[in-house]
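The data below hold one chain only, encoded as structure tokens and taken in the form predicted alone.
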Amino acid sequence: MNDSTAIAPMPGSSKLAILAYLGISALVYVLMMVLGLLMRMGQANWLGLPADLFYQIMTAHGAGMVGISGLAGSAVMWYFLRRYVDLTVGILWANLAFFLSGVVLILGGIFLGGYAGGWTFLFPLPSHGMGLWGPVGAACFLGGLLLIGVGFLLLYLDVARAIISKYGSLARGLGWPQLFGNSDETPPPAAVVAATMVLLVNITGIVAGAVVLVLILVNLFMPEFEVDALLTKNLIYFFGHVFINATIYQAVIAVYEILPEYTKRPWKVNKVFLGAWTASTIMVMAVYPHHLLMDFVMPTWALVLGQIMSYTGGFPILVVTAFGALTIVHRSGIQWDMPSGLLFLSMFGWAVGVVPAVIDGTIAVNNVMHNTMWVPGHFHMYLIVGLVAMLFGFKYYITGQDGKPGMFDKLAFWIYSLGGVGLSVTFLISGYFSVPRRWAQHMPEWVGLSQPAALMGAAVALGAAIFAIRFLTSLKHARAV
């Protein structure tokens, strides 16, 4: 298969759409970080935050970070994938329209309808508001998630159409002829392999999420329609785990495409690389039971699978990506700047963030640690220092801000990096001392751990705000495919 087939230049409307995705995500990231800071300040006794408002903010913070990460990650994937396949610009805009419509419903359900059941909407919480929210508020939240899912589903179906049109099948998009056979064809580029994996897992996850959302929506207004709580929890965590993990699998395409430009070395797509992405396609869908290790009614085999997959699930892609990044940079004479620096920081955050997740995925540890701040410590390292750094690195790249960084950018880089690592470490330490997560008020003996977390959260928000301002003020220099 010849991957050098020319694709028409990206039209102005799609460039505008990509910049809209990235601009919205930059602003929302800063806003979500401010909401996180408010929660930390409330727990540190530096801000009088009513409990009901705390849980509304917690719900908005969780849903907002997951949703906006999916939006920004899909922009990275679309931008680079457009180099190899013919994507539909109208679908790109349609996804954004569905996303913004869903956001309006979600915010209305939370801050007008009072919904505060967390972004995971675990059954039967949506229908048991205990006077804090009613069925309308919960329905707005759930309906907003459903709208966002429809938009993403359209986007991934279009990506599937484009890859099948170019390569003949999704198996070829994953490089199976080169992996399992003796094909002498050139394997697909890394961006195509990653995008194929993402669409396979995310279409499956989004469909599962849509099913459970519809079930809970019907139950909201027809309580006699019985819903199995264990089934809904499995569907919710399957959807949620797949979707949030796929965000970094989309964004990592920036590493595969940008670092070769810097080093003048191609990213090698060999059997090890193809095997890692194929293995992760299965593993990312099989690992979700590690969220249910404390649900003793789960089948034993599922809990064992969750523990085993926790040890192995994230490593194939991470290892080939981190090793590939080190290999391609070693003695390349690379010119370090904001895009390359943030992309390399993201490799560190991704690798380190996996470690406490593996520890928590051990059943004996999970029984003690899972409902503590240890878990936010894991995913804040994974997201703030990993995924979000990767996305801001792409934003610097797309606006042409390569070359030697100025003092302002260097300062923002170190504020953000140290703040992100510091915040995650304070969460992990809190978890080690059994400080619970999802508590609006912290007991006096926990406040000493909450206060440095608030300071670190302020540093992260400040660094991200500088990144966002630099991006938004450089849009006129944005490059096209």
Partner chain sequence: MIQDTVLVVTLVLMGAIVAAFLFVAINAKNDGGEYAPIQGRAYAIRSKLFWVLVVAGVLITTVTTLDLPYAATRGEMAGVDKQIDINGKQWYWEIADTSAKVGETVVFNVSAGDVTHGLGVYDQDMRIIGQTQAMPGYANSLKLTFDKPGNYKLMCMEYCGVAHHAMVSDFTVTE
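Residue numbers count along the first chain shown, from 1. As the structure is a computational prediction, the values presented were derived from the model and not from experiment.
Separately, the form predicted together with the partner chain exists; it is not shown, and the next lines address it.
Among heavy atoms of residue 367, some come within 4.5 Å of the partner chain in the predicted bound form. Residue 436 belongs to the set of residues with a heavy atom inside 4.5 Å of the partner chain in the predicted bound form. In the predicted bound form, at least one heavy atom of residue 266 sits within 4.5 Å of the partner chain. The partner chain in the predicted bound form comes within 4.5 Å of a heavy atom belonging to residue 372. Residues with any non-hydrogen atom within 4.5 angstroms of the partner chain in the predicted bound form fall in just one of 390-398, 405-413, 346-354, 92-100: 346-354.
Of the listed positions (47, 34, 440, 447), a single one reaches within 4.5 angstroms of the partner chain by any non-hydrogen atom in the predicted bound form, namely 440. Out of the listed residues 258, 274, 303, 217, 303 is the one that sits within 4.5 Å of the partner chain in the predicted bound form by at least one heavy atom.
In sequence order, 116, 117, 118, 122, 123, 124, 125, 128, 130 are the residues of 112-130 having a heavy atom within 4.5 Å of the partner chain in the predicted bound form; the partner itself is omitted from this view.
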